[in-house]
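What follows is a single chain, given as structure tokens, in the form predicted alone.
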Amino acid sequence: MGSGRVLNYLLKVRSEEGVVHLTLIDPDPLNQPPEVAGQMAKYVCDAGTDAIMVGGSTAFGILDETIKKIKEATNLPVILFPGNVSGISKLADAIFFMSVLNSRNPYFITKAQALGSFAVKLYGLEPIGMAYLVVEPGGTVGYMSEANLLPRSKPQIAAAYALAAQYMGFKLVYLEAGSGASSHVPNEMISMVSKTIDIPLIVGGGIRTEDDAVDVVEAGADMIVQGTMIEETALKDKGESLRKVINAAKKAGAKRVR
């Protein structure tokens, strides 16, 4: 896909269907080798996901191989979701060029981005500027990015960060509860952020069930991300559980475009 095409595609899906579903695949050499990632990609594509994100807080070593297998299995856009400069690959279509705005360490706000910027340019990747906001409990990403976690009981703080991100020129805002979180970002926080900003809102972490997906979409999420649930179920049931979640999310999203 050429310059701007991936973002435009995501915005088109959001406009037509009310919500975008994104699958996150972690290139984990110990638990999820490239062949497994490729098989998983086929199942999530058949289940109706709109695009595949590749990356993670501790991803290393097998990024290119993982993307190759994903592209062999599906024609969906592959978007890098880097935890560090090591998370860049020339084989992807785009990269969420993100800044952890609530990190305590400037490295994760601007320095890693500066270090990785020339690779993005040389590889011809489509950069999609995204403000990444880590919400309690934060999980691995909260620890690795040294985030000053946004308190679940203070949605106005998240809204302030999100609005600042919009004014700083980011294209997207991502509220992240952390991979494997026991519960998703609070509905009240999603709603307040969604009503405050004019750019699309992504929500990830803790979305496991049909009810979770519907809650998050009805609260105002424009895009939802699932990773852990897919890792746990996709290979076992060939994406059937995911299909039900996506169908429920899309049904909730369709109410926005009627």
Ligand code: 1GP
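Numbering starts at 1 and runs along the sequence shown. If you're wondering where the values come from, they're calculated on a predicted model, not measured in any experiment.
Quick note: we don't show the form predicted together with SN-glycerol-1-phosphate (1GP), though the next part is all about it.
TODO: May I ask you to check whether L24 falls inside a 4.5 Å heavy atom distance of SN-glycerol-1-phosphate (1GP) in the model of the complex?
DONE: Yes, L24 is a contact residue.
Open item on the list: Can you tell me if S179 lies within 4.5 angstroms of SN-glycerol-1-phosphate (1GP) in the model of the complex, counting non-hydrogen atoms only?
Closed with: The answer is yes: S179 has a heavy atom within 4.5 Å of SN-glycerol-1-phosphate (1GP).
Open item on the list: Since only the chain is shown here, I'm wondering whether P34 would be in contact with SN-glycerol-1-phosphate (1GP) in the model of the complex (any heavy atom pair within 4.5 Å).
Closed with: Because no heavy atom of P34 falls inside 4.5 Å of SN-glycerol-1-phosphate (1GP) in the model of the complex, the answer is no.
Task: Partner contact for I67 in the model of the complex: SN-glycerol-1-phosphate (1GP), 4.5 angstroms, heavy atom - done: Output for I67 is no: heavy atoms all beyond 4.5 Å of SN-glycerol-1-phosphate (1GP).
TODO: From the candidate stretches 101-109, 67-75, 169-177, 147-155, select the single one in contact with SN-glycerol-1-phosphate (1GP) in the model of the complex, where contact means a heavy atom within 4.5 Å.
DONE: Flagged stretch: 169-177.
Open item on the list: Going by heavy atom distances of 4.5 angstroms or less, which of I190, V225, M40, I52 would be at the interface with SN-glycerol-1-phosphate (1GP) in the model of the complex?
Closed with: Result of the distance check: V225.
TODO: Could you list which residues of 102-120 come within 4.5 Å of SN-glycerol-1-phosphate (1GP) in the model of the complex, counting heavy atoms only?
DONE: Stretch hits: zero.
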